[in-house]
Structures are given as C-alpha cells and as structure tokens.
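As a starting point, one isolated chain is supplied in structure tokens, in the form predicted alone.
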C-alpha cells in the first residue's frame, strides 16, 4: 500500500462521514404537519406541534380509519383491514418516515419545516 492508496481511503471515508452527518441532520428536523392522503388526494392536514392526545377519523376503502396524534407523533390507532397491518406500524415522528395502509388506500406522510426540495430536469 502506497501513499496514493492511503489518500484514496482517507478521502472515501471523509466523504462517507460527511454524507452520514448531512443525512442525520435532515432526519432530525422537527415535524410540523402530517398529510393524510386517500387515493393520492390530501384529505386532512394535522398539526403535530400540539401536545395533547387527539384522535381523527378518515374514511378509508374498508371503513373508518382512526388516527391518533400524541406529543408530536402520529399513528393508525384502529382500522378495518384483514391483518391490521396499518395499526401495527406504530408511531412515526420524523420526516423520513411514512405509514402506508394499502388495504384502506391511506398514506400518512410527515412534512417537515425548512426542508429543501429540488427538481432535476
């Protein structure tokens, strides 16, 4: 192993650490709102900055879906689907997490503040 190999290894490690730091900063952004989609249309916008527990009801494909918000986290509390997979997913609170309830065609996505979105053309 010569000096060129050592420089290559150090630069690859440096770039990797830089990407990990940037990704962890993006992931830790505070959540502001949760968007509830039914068949790709926003049906409800929920504020996650509230501290009290609150339940919301959204009509899904198989019936009502009860969504619980508690201390900046959101989850599907109760729903009608064959295996109840949606309610087993638990709470989400980061902008990189999402709940997808395919039997009811419901998607819960967290929208964070100050997130940069780009479009490649």
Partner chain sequence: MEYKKRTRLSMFLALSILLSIIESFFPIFGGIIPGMKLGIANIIIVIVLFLYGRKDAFLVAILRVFLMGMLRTGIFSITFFFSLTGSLFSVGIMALLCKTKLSIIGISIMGSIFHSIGQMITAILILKIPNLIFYLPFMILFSLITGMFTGYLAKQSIQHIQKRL
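Positions refer to the first chain, counted from 1. Only the largest set of C-alpha atoms that superpose within 1.5 Å between the two forms is called the rigid core. Everything numeric here is computed off the predicted structure, so don't read it as measured data.
There is another form of this protein, the form predicted together with the partner chain, and it is not shown here; the text below is about that form.
Under a 4.5 angstroms non-hydrogen atom cutoff, the partner chain in the predicted bound form lacks residue 62 among its neighbouring residues. When the partner chain is considered in the predicted bound form, residue 85 lines it closely, a heavy atom lying within 4.5 Å. Residue contact check for residue 49: none of its heavy atoms lie within 4.5 Å of the partner chain in the predicted bound form. The partner chain in the predicted bound form comes within 4.5 Å of no heavy atom belonging to residue 93. In the predicted bound form, the residues of 1-15 lying within 4.5 Å of the partner chain by at least one heavy atom are, in order, 1, 2, 4, 5, 8, 9, 12, 13.
In a rigid-core overlay of the protein, residue 18 has its C-alpha displaced by at least 2 Å between the shown form and the other one. Remark: with the core as the superposition reference, the CA shift of residue 9 between the shown form and the other one reaches 2 Å or more.
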